[in-house]
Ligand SMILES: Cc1ncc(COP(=O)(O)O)c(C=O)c1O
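Encoded as structure tokens, the following chain is the form predicted on its own, with no partner shown.
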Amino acid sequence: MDEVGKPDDTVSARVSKRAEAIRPFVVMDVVARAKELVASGHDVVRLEIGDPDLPTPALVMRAAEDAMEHGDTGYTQSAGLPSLREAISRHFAVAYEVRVDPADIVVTQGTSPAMLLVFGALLDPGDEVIVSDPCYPAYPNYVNFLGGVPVASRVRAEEGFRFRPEEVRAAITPRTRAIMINSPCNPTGTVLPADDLSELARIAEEHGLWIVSDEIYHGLDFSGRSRSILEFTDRAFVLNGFSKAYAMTGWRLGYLIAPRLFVRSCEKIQQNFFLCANHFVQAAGTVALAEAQSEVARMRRTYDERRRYLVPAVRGIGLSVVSEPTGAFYVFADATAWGSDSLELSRRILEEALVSLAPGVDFGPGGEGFLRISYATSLERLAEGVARLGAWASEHA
């Protein structure tokens, strides 16, 4: 105290070390700058984020309206509405021929809170989680924030961004608790084949580990039906939700399927941090699972059309796509022909060409030199973006 009753600024004006250490999600900074440019009157082609331009299915909208009119605007059970958990269980039986007990499901406000539940229940300080490099940046950030240690296993474009089993095994230590997977994958669009999922499940079982499988892009697989890790092992947590396949990003609705040992711990974290997901949104999610599969199929065909346009288009302007994406709605393009610093490259392209892209380094050291291009926007805007990128590269790259 420098005066009686007055706190010393050097002590009180301090951010926690935990908050200081967390890495920014750079693509959200790109989003903010793109929106600033739009607000100042510029026409920016937005290809940086996975926010579908397609509308939420009308029947889902009506279900939410009906629920609100019925008065479903209060709290629900922290684990989620029984009707929604039962619908999720039925969905897994139909889509994957896997039995999931509704009691093993916790409904969340998107898959991001579900990650807090998983790693909060799974990790003690110093425990390790194997993640791919590149990967969705929230994975290592959550692990770090909760005192764990993310251990990167490099995945390579020339190998389809697939894990090397021998490198996964080499990364395992006595502190390893889990292997994190994401298929279809953000940022690469990779879909892991059944043999890979089986092998990763075998590694986990051999070493007494858990698989944490982010399946949020299921339903957006262009190579066949999506495969859940629960088809291969029960030593698994599954994260999924409604944001991507159902075009419901702003609704914030997800869920976690957890081994019974961890369910109560996950529920307690949910009770304290989030209480529950919105009641009327859960009602809409129940209808989405039961009645909107034809809409999901229609949206998948639209994304596939965009994918088949975009991959050859970006190759035509000098970017390299060694491994073609077969899921999600991203092209992870090698841009080293234009520059090796992906953050600076994306900044220049935004300011000079008015096209916003995600820098590959945001997804880990293995993503440096890449740019992630989202095709969650119309063919017309994709074509405009490609034209601007081609013109910019001709002048600057």
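Numbering starts at 1 and follows the sequence shown. Bear in mind that the values here come from a model prediction, so they are computed numbers and not experimental data.
Note that the form predicted together with the named molecule isn't included here; everything after this is about it.
*Asks:* Of 96, 210, 217, 222, which residue is found within 4.5 angstroms of the named molecule in the predicted bound form when only non-hydrogen atoms are counted?
*Replies:* For this set of options, the contacting one is 217.
*Asks:* Quick one: from 278, 111, 176, 89, grab the residue that has a heavy atom within 4.5 Å of the named molecule in the predicted bound form.
*Replies:* None of the others qualify; the residue that does is 111.
*Asks:* Would you check whether the named molecule, in the predicted bound form, lies within 4.5 angstroms of a non-hydrogen atom from each of 115, 182 and 243?
*Replies:* The answer is yes: all three residues contact the partner (heavy atom, 4.5 Å cut-off).
*Asks:* Can you check whether residue 232 is within 4.5 Å of the named molecule in the predicted bound form, heavy atom basis?
*Replies:* Residue-level check for residue 232: no, no contact with the named molecule.
*Asks:* In the predicted bound form, does residue 139 have a heavy atom within 4.5 Å of the named molecule?
*Replies:* Yes, residue 139 lies within 4.5 Å of the named molecule in the predicted bound form.
*Asks:* Find out whether any non-hydrogen atom of residue 186 is located within 4.5 angstroms of the named molecule in the predicted bound form, and reply yes or no.
*Replies:* Flag for residue 186 set to yes.
*Asks:* Does residue 252 reach the named molecule in the predicted bound form, with heavy atoms at most 4.5 Å apart?
*Replies:* Within the cut-off, so yes.
*Asks:* I need the one stretch from 124-132, 300-308, 244-252, 259-267 whose residues put non-hydrogen atoms within 4.5 angstroms of the named molecule in the predicted bound form.
*Replies:* It is 244-252 that comes within 4.5 Å of the partner.
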